Every structure is written in structure tokens, then in C-alpha cells.
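Next up is one chain by itself, shown in C-alpha cells, the form predicted alone.
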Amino acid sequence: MTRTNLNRFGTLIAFVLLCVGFSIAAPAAFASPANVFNLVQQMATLAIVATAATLVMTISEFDLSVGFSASLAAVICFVLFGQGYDVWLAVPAALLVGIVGGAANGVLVARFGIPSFVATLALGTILSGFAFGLSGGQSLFQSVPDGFKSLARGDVFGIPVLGFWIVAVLGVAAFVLTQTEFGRRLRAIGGNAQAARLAGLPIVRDVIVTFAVAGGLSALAGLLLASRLGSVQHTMGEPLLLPAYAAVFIGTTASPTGAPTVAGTLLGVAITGVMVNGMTIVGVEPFVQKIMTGVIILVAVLLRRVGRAK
């Protein structure tokens, strides 16, 4: 294999090798249909949050509030259920909170020039406070309608319902980024914001919209996670943050330009999901899994920098 092909397909080869390795280490458990079904379910919420991170990274920004937005949306939805509201009202209300929170991030970044790391971390902390206050710091699991549970449970022709959410969300995101004028503007902003400004692109509006969409996707991920689990905790979305960005950075190593793409992010999600799933099956301690996640991010960032330097 030539060096060019290794750079192009190296991440995909790593994914295949991971699957082969875990299949050999635990053939009865890892490669079973039940585990594949479970793996798709585990990957779904991560894939949606990672897609939100991909959109924001396309404009060369970061959103550290994605996990907090997911938690707050789920808490709000369950609080409304507890007050007797139906799914058709509680779910849109929770999604709207995520969109508004994301738009607020965009305003802070685009209108007031606050670095996205600072703005989204600060706003995410505020959202976390609201989630804690609304839930009282307790798990919420009562008065959940069956219609809500069906959003993320079960299967259609043997395919997990959450698998269809992955296809729908990532398919739309990929289409928007590659086939629409809005997507081309986002890539132009991420490539050179100053040049995009001089070209007259509506940077402020596009940045706000991008953060708003990311907030909405984060809220959707929180709702689907709550639907699958049947309960909510005010911190349930926070563990999604690091794996989501790990997935995006891994995905950039599969991109010829080093830029984030939806397809690359999906590959990154698959690698991250397989690693966590496989290590759990073979009995690797949770703290080692966290160490491995950090190592993956560092390696992916280094590979991305090396690729850009060539």
C-alpha cells in the first residue's frame, strides 16, 4: 500500500482492525447480533452530538455546551411530563430550549466576539444549573408517555429505531454541508473568516444559525437518550462531550483536507463506539477507557497537524 493510500484509508483500516481484534478477543460476545444492535443504540446519541460539533467546527469554532444542552432538554421534557403535558408539546418545547441556548452561544461569539471556548463553557454551566434546579438533583422517571419511549426503542425489520435517527440526522447534515449554499458559506467561514467577511458573506447570521442548529441537535440527542433509558439525570448528557469531539478529530484524519466532514465524523463515532464497547466486553476498567479517549484525541490532533503541515 502506498503512503497516499495509507493516509487516505488509514482511519478506515484502523476501524476494521479494531473490529477484527475484538471479534477474536471475544467472539461470542462482540460479534453477536445482539451486541451489534446494542452498539448501534449506543452510537446514536453520540453520533448526533458529534454532528453538532462537526457543524460548529466547520466554522472553526467549538461548542462545549452540547452535553449540558442535552441534559437540560431531557430534564425539561420530563418535568413537563410530570405536569401532565403530552409528547407533542413537551418534546418541541425541549428542542426549542436547545435551539435558543445554541443561538445565545452564537450571539456571544459572533456579535460580541467572545471566544467560543469561553462563551459556550459559561453558557453550558448556566444550562447545567437550570437542569439541576428543575430536577432537584434527582432522577426523573415517572409519568413518561409510551409515545415518547417509542422514539428510541424497538426496531423496524430488525434495525434499531435509533439507527434510522443516525441516517436521518447525518444524512441531512451531510447534504446541507456539501450541496447547499449555506454549507459552502460555512466552509468558507471556517477556511478564512476574514476573506469571507471581505467577500460580503453574512458571517454573524450564519454563525448564530450554526450554533442554534448545534443546540437543537444536542437537545435531540438528550431526548433520544432519555427515551432509550426511560429516565433522566441532570448530568446525563455531559459524558457525551469528550467522545463527540474525539470522534470529530478522528474523522478529520480521514479527510483529504483535514477539515471536519459528516462522513469522517461517522467513522470517528464508529471507532469510538467500538473501542468503548469492545473494552467493556473484554473487561477493561472504566478509568482506562477514559485514558484511551484522551489518547485518541491527542493522536488525532497530532495526525491532523502533521497532515496539514505536508
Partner chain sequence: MHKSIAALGLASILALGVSQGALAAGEKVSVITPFLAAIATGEMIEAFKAKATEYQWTVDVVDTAGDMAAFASRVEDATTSGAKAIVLVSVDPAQIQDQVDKAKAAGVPVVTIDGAKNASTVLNVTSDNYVLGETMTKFLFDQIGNKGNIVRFFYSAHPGVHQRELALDAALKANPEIKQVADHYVAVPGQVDDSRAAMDAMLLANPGDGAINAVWAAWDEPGIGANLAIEAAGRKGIVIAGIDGNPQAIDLIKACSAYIGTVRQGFGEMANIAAGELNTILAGGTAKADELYAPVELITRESLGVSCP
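Fair warning: this is a prediction, and the values are worked out from it, not measured in the lab. Residue numbers count along the first chain shown, from 1.
There is another form of the same protein, the form predicted in complex with the partner chain; it is not shown, and what comes next is about it.
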| property | result |
| --- | --- |
| Interface stretch in the predicted complex with the partner chain - options 36-44, 66-74, 260-268, 53-61, non-hydrogen atom within 4.5 Å | 36-44 |
| Gly163 within 4.5 Å of the partner chain in the predicted complex, heavy atoms | no |
| Touches the partner chain in the predicted complex: Ala131 (any heavy atom, 4.5 Å) | no |
| Close approach of Pro239 to the partner chain in the predicted complex, 4.5 Å, heavy atom | yes |
| Exercise: Phe141 in contact with the partner chain in the predicted complex, heavy atom 4.5 Å | yes |
| Contact at Val107, Pro115 and Val213 by the partner chain in the predicted complex, all three, heavy atom at most 4.5 Å | no |
| Residues in 195-229 close to the partner chain in the predicted complex, defined by a heavy atom within 4.5 Å, in order | Leu225, Arg228, Leu229 |
